[in-house]
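What follows is a single chain, given as structure tokens, in the form predicted on its own.
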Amino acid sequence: MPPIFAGFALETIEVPGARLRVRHGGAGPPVLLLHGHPRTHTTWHRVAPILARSHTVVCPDLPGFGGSSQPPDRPDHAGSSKRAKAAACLALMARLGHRRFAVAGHDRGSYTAFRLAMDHPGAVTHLAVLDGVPIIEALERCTERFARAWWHWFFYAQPVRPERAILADPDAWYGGDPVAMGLENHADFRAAIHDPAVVHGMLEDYRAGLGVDRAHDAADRAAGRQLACPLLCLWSARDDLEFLYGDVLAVWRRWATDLRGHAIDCGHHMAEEAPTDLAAALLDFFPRD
């Protein structure tokens, strides 16, 4: 089989406060794709080549994930905040020559994508959120149903114990089918989950979520800030968002004036499970030349 990301460059790029492993290729309007937990940028390997037929596609490992550098530990976990990660992504796009671009984020990557659009409205032309709602909205809707389905949010935010539990047997903890994921994608994911530094970095993302990230969302909401760009919200029909929230778009209406979205018939990792449908939805939404 041909290698994944054929025609894409793989680089490590230094930006203020981070060193990012990034894959980029294609030609046309720039698009930034941000992966979720516990994946790396290779989760996009079936989607990125489709988008690259008409767009320049940039796929980094988020700070703390995969082959990117680890943010410094701080008592408030601000080094792993979505604001800090958004600033690193903005600097990355500038280094690659893209001052304005569209962004899509999945799972934990959706929170960085949202923060990027909120903090830097002049840079983000379009925002696609995949399987996510704002962190503050999720926490304020934390019912017994949420706690049973997404208990990991609170376990991962605890000190020390989550690292010990995961690293005792990362393969058993996270699973992952090499055939379903693609062999190279699975190998990259597996290298990440067996790296103690990466596991710690991924968990710091959750620790920031319950504190500093929530505070950033709360400050925006109190000030009446909304997204300045169009928002596309996509969610997996066989995952938890409809189960938790019913009308997913209703959760987003206070944050966006230009909002659209729908479910995709797949499980949680939609870039791996439904790449054609996901790419089609993104291409319908993202700007073209």
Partner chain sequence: MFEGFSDLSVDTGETEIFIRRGGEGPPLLLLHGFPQTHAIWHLVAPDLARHFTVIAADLRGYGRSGKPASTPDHAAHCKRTMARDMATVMTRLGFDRFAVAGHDRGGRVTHRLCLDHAERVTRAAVLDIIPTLTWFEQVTAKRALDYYHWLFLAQPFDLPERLIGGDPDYYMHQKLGSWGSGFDRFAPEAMASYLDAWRRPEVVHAACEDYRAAASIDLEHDRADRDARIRCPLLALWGEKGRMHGEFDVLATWAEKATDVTGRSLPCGHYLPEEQPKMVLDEFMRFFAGG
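Residue numbers count along the first chain shown, from 1. Quick caveat: nothing in here was measured; it's all calculated off a predicted structure.
The same protein also exists as the form predicted together with its partner chain; that form is not shown, yet it is the one meant from here on.
Inset, instruction - Spot the stretch among 113-121, 82-90, 159-167, 192-200 with residues whose non-hydrogen atoms come within 4.5 Å of its partner chain in the predicted bound form. - result: It is the stretch 159-167.
Inset, instruction - May I ask you to choose, among 186, 98, 77, 214, the residue with a heavy atom within 4.5 Å of its partner chain in the predicted bound form? - result: Flagged contact: 214.
Inset, instruction - Consider the chain as shown here, without its partner, and state which of 147, 180, 219, 94 has a heavy atom within 4.5 Å of its partner chain in the predicted bound form. - result: Looking at the other structure, the residue within range turns out to be 147.
Legend entry - Contact test, all of 229, 256 and 285, partner its partner chain in the predicted bound form, heavy atom 4.5 Å: Checked in the predicted bound form: no contact with its partner chain for any of the three.
Inset, instruction - Any residue of 131-158 with a heavy atom within 4.5 Å of its partner chain in the predicted bound form counts; write them all down in order. - result: Sequence-ordered list: 139, 142, 143, 144, 147, 148, 151, 154, 155, 157, 158.
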